[in-house]
Every structure is written in C-alpha cells, then in structure tokens.
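Let us start with two forms of the same protein chain, each given on its own as structure tokens and named structure 1 and structure 2.
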Structure 1
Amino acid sequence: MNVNIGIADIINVSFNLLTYIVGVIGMWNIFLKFGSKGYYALIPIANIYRISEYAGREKDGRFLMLFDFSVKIVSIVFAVIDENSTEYNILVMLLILLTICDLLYSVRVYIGICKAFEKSKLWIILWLTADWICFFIFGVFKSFRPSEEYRDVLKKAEAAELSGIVVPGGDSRLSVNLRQRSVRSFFRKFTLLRDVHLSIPTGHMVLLLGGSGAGKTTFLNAVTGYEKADADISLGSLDIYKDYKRMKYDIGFVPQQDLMRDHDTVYRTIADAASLRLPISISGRERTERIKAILDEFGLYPLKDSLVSKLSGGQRKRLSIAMEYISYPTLFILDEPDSGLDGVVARGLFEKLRSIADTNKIVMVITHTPDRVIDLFDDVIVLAKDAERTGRLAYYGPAAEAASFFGKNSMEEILLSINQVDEGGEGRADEFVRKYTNLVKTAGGEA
C-alpha cells in the first residue's frame, strides 16, 4: 500500500501542531495568572469553559462549549457522508448554523477576556483570526495581567472555619453529623452544605430558618435520606441511610404542594395513603381503625365523603398532613404548611403540629412567616450562606434565645442579618457561624 504524503501535508500538520502547542502554552499561563491550575489548558473544550468563567462570561462559555463540541461532531460526520445524499445537504446547513453560533459566542467570550485584561476590544480581530497567538500573548507576556476585579472573583473569601464537632447518637433523638453535601456541574464542584452537627430530642418542634440558597431543602433531603450526603444521620439507634427500609415508615415529609387528586373523596385519599405508608404487616382491621383515627384527629371525619376539590385551603392542608401522619412517624417534616393560609387558620394548623410534637415526636417545619407562631417552637435551626456561598449552621438552640444570640427582635430580622449584602441583607453569616461554633466548643461540643 503506497501512501503519498506531500510537502504541503507535512507543513499543514506541522503548523496545526505548532498552533496547538503555542495556544496551550498561552492558555496554561492565563490560568496561572488567574490563580488557577494550568493543566486545565490540556482538557479540550472544557478549557474554553474555564477561560469563559474567568473572563466573567460563564453562561456564554456553556453555550460556546456546546457549539464547539457540536461543530466538531458534525464535521466528523460531514467528512465521511456521501456528497450526493440528502443528509449531506442537511449537514451543510447544520454546520453553517452551528459555526455561526460558535462564532457569536466566541466573540462574547473573547471580548470578556479583553475586558478582564483591560485591553481594547480591537483585539477581537486577532482573536477571531488567530486565537492561538492571542492566548500566547495574553498568557506569556508579563505586561498582560487580569485586573484585580477579575482575579478577586477566583479568590476564596475567608469563610468561617469548620467546627470539628461530632454529636453522639442514641436514645430516641435525631442526630445529624453532616460533613458536606456537594454536586458537580460543568467541571466544577459545588458544596451546597457543610459542617452541620446537631441533635434534636423527641417532643421538640423545630423551626428551620434560612434565606434562599442557604441549604434548607438540601438539609431536609439529606436528613430524610432522599438525597444522601457525606453524613452520619441516625434516629434513635437506627442509621437513616443504612437502615432506610426500616426507617421509611418512621419519617414523614409533607411538601409545600399537595399531591392529592381532586376527584377523590377525603376517605379514599387517606385510604390510599394508608396503603402506601403503613407496613404490609398491619391487618385490614387495624388499617381501617387507623384511617378513622386519623380522620378524627384532624377534624376530617365529617368530611370523609366530600371531594378533595370541594375542601377549603385549611382543610386541604390538614388532609395533606394527615396523609403523611397516617404512619405516626417519629420524625415529621413539613415544608411551608401554612402557605396560602390566613393568620387564624395558620395558627390553628401550627397548634395542631405542636400537639403532635407533644406526643413524643420530632416536628421540623419551614415557614416564611415564623414570627406569628414562634412561641409554639422549642428550637430554631438557622442555616446561612458563608463567604464561599455554602450553607452553614449559624445557630441551633432554643427559640427563646435566638433573638438574643443574633441581637435582633424577630426571626425576620435574623434572616436579614445573615443574608448576603447583594440580597438586601447585612452579610453577617460568617460572623454568626463563628460565634455559634465557639459557643458550642465552649459548651463541650454539645449541639
């Protein structure tokens, strides 16, 4: 087999190799200038996303990465398909469209790089014609440095140190030792929640307080075992993760939006919940007695033949709660059970939850209007975003002492104090995370 390789081919391959090496060297040094790892330059496509992120164009980088990858894939298919086929013409149009999109987002990202390095937008001409030269110049030349504003984006602010606390399990209490809960997205690791250690005894009604993004839902999902975290979580002597099949009947969760069918009756709704929530070992007679007892307990028995669609807002909420409480769970969690209810009806609902907690249960509640019912709670868990935008434990303790700890008069004022400045808050989250950590360490690690 004869292979004819001309001088032009050798020159072309050599030039492509040269541009790649020069571009990688430049990109490597750009990463170093931003205080990041240089080896990201060696990862195809992902390196473009990183550059975009550092240039303050992270969203544009996502699209650029997508279009860049799509152009490469379509180009490969385009090279092997028959020129006379219908698919060939379609691929031509698709390739043109993808190339235009790739070009547009390249312009946005390259302008972002020029802005980060405080250089004229006229550089965009060279970026679009020979970006490997620009990568080399911006990366290797010492006179090209990103502004402090852009370098500071990558610097981690001084978040509160980790507590090192571990709370013991045992008894009948809920013990949570959550080291961290992280996710990965677009080549980055995001820590949603970390260093949350607390122990809640039965018979307590607990308020879960925190601003948007502070990790409330992440915390509840971790505690219930819905989304496992790097954590040790136990209810009594049982590990919620390891013994989940045994624990699932002892944990109840009421979401903000109910999952009821409007055309079912109240009785059928509870009966269906019983078939799902109660162990199969319970006899039919016991099941029927449990259904009647739950309907009585929540004042729904007179409405047992009514359609769900005919219930008032307060009645629907009680039915939604009754569905999960049918198994008499030891840990009962509710996400905004008072949503859409007026003050009087909401108060009555929380008084019912208080009575449930008094039967040696743990009731944990998220509500956006805590001040009108705060007197019914035993404890408050306050989650806040630290300087790294990670959910942290800023306080856990008696509700009556929370205002004093934060130096505020209400739960709403506490929220304002821990929210970030760009969210309209005071940005004091790390201050209170440190204060709480020191308080617990002084008390001997009891959370």
Structure 2
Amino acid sequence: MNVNIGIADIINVSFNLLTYIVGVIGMWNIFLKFGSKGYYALIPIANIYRISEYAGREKDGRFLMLFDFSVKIVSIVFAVIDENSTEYNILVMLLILLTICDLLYSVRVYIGICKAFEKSKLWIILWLTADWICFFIFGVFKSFRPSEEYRDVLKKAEAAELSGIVVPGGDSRLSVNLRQRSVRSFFRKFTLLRDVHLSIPTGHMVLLLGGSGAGKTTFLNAVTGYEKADADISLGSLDIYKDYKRMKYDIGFVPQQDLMRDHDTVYRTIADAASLRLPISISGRERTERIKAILDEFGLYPLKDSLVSKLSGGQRKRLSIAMEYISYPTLFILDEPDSGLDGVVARGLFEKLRSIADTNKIVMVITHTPDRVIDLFDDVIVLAKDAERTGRLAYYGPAAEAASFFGKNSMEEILLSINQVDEGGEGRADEFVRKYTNLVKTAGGEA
C-alpha cells in the first residue's frame, strides 16, 4: 500500500500531539489544585467530567462527556463512509447537532471553571478557541487557584459514627430501622440518609424537622415503602416493604403541592379518591356515607359541587388531605401542609391533624413554621446533614424536651444549630448526632 505523507500532515500531527500534551499537563495540575489525583487527566473524555464535577457543574459535565464521546464516534464513522450515501448526509446532520450541544455544554462547564478559579467570564473566549492553553494556564500558573469553597468539597470530613442502635418492632407502633438509603448516579453512589432508628406509637403526632437536603422527603418515602431503602420498617406486625401492596392503602401521604385536577368537582375528586383507596368490600351505600362524612369533617360539604379551581388555598389543602384520609390510614404523612396558608388557617389545619392522631393514628408532618403549632405535637424527629452531607438522626423524642436537648428556645433555633455553616447555620449536626446516640444508649437502646 502506497501512503503519501506530506510535510503538512507531519506538522498537523505534531501540533495535535503538542496541544494534547500541553492540555494534559494543565489538567493534571488542575486536578492537583482541587486536591485530587493528577492521573485523572490521562483518562480521555472522563477527565473533563471530573473537572466539571469539581467546578460544581457535575450534571453539565455528564452531558458534555456524552456529547464529546458521541462527536468522536461520529467523526470516526465519518472517515470510513461513502460521501455520496444517504448515511453520510444523516451523519452530517447528526454531527452538526452533536457539535452544537457539545459547544453549549462546554460553555457551561468552562464558565463553571472560571467561577471556581474566581476569574472573569471573558476567559470563555480562550477556553472555546484553545482550551489546551487554558488548561495549561489554569493548571500551571500559581496565581490561578480554585476558591476555598470549591476545595472544601474534596476535604475528607469526619462525620458522626454509626449508632449501632436497633429498635424492636411489634405492638401497633411504627418501627423504623433504616440503615442506609442511597442512590446511584452516573456510576457514583450517593448516600442520602443513614442510621435512622426510631419507633413511634399510635396516637402520636410527630413533627419531622430538618434543613434543606437533610433527607426529610427521602425519609418519608423510605418509611412509606415508596422508595425502598436498606431498612426494616414495620407498622404493627406487618413489614411495610414485604407487604407493600397491602400496606400502601393503610398509609396516607399528602404531598406538598395540591395535586388535584382543577377542572373536576370537589365531590367527584373525593369520590374517585375513595374508589381508588377503599376496598371493594365496602358497599356503595357505605362508600357514599363515608364520602359525605369526610366532606363534612373537612368542611367541604357546602362546596361539593364547586370546581377545585374555585377553592381557596385552605380549602384546596383540606381537599388534598381529605383525599388521603378517606381510607382512614393508620400512618398519615403530610409534607408541608401549611405552605401558603396564613397563621389562623394553618393552626386550624394542625388542630384537625391533632384530632386525627387522637383517633389512634400516627400523624407525621413536615413543616417549616413549627413554632406556631409545636404545642400540638407529641414528638419531634430532627434530621441533619452530617459532615459527609448525609442525612442523620439528630434527635427523636418528646417535643417538650427537644429545646433542652439542643439548648435552644424554639424549633427554628434548633434548625439553625444543625444547619451547615455555608447555609447560615451553626454546623453542629454531628455533635447532636453523637449526643443523641449517647442519650439513647444510656437509656438502654430504646429510641
């Protein structure tokens, strides 16, 4: 085979090699500056994902990596395909599409890098025209350093140790032994919640307190069996995970948003909810009576023929709760039922929930304004993000004792004490996780 290599080809290859080497040297140093291993720079495509992650653009980096990879694959196929074929035309179209996406995500990631290094966004021009030069400059020059905040992400933090507590099941209690709830995203494992062990008796109304990202919703989803965790959760003698199909009708979950069809009537909304949630063994007459009773109980009977869109915020919230309460669930969970309600209406709503708990039910509530209704709760569960940013149990016990445990006067102050420093809190989550573990162990392991 006769291959003609000209001087232009040699220059071209040499230049590409040079840009690659310079780029890798720069990238190697950037990794070191972030406190990571330099050899990541040698892994093509994945290296840019890693940098994106450090620059706080993990999601964009994920797409950039995929588009980068696709552009390379299409480019290779391009070289071996007939220029006059239909496939060639399709590939041209695909390559243009991928290149545009690749460019857009590159802009996002490069802006992230500039921000991490506290440099002007104007650098983006050089990043897009000759990224290898930028990698070199950002990596090699000492004046280019990522800000403290970005380097902190990689610091190995010391989170509170695992408690080793296990609560027994049985009786008519809700027993939670949640070892871990984690998710996998792009080959990486994220632990959202860990080491939560507690047991709630029926008839109790429990406040679930925690800062943003502390795992409150994750905890509720795990407890209800909606998103299974590595856990043993039982309600009475039944295992929620093993008997989920049966148990899900005995668990009511009221989401934060009023998820109902605006253009349906109040009566039909409740009636359809009843059709879904009530067992078919209940006669039609009994069902109609139950619907009427629920409408009455929640003060919605006079509005039964109104469209949901015509209801006020408080009425919508009551309807949303009534939809779940129609089956009289033993475990009743509400995610911020008072959001968007004024103080008087919210108080009335919580009093209603208190009366539900008093009928031997377990009512668990997330609220961001707990202090105005704290007297109505029996217990408080406090979840906090530990040093590894995983949700942990910082306290579970009587609402009246929570303030003294944390040395604070209100629930909002408690929240402030467990929140991370970068969230404006005191960053004492691990301290209280340890303190709570010791408290439980001293009391004989009963949470």
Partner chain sequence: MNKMHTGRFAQTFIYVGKLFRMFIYRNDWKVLPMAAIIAGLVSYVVAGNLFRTMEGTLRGTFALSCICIWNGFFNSIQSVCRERPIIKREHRSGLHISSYIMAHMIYQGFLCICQTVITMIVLNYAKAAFPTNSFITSSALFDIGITMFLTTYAADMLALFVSSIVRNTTTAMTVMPFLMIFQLIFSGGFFQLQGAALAVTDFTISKWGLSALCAEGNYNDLPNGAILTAMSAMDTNKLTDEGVPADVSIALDKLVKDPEIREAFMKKCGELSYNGKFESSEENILFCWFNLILSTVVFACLSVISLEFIDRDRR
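All residue numbers here follow the sequence of structure 1, with the first residue given the number 1. Basically, rigid core = biggest C-alpha set you can superpose within 1.5 Å across the two forms. Everything numeric in this text was worked out from a predicted model, so none of it was measured.
Given structures 1 and 2, which represents the form predicted on its own?
Of the two forms shown, it is structure 1 that corresponds to the form predicted on its own, while structure 2 does not.
Residue 326: with the rigid core matched between the two structures, does its Cα shift 2 Å or more?
Shift of 2 Å or more: no.
After superposing the rigid core, is the C-alpha displacement of residue 417 2 Å or more between the two structures?
The answer is no; the displacement is under 2 Å.
Does residue 85 show a Cα shift reaching 2 Å between the two structures after rigid-core superposition?
It does shift by 2 Å or more.
After lining up the core, report the Cα displacement of residue 97 between the two structures in Å, one decimal place.
So the C-alpha of residue 97 has moved 8.8 Å between the two structures.
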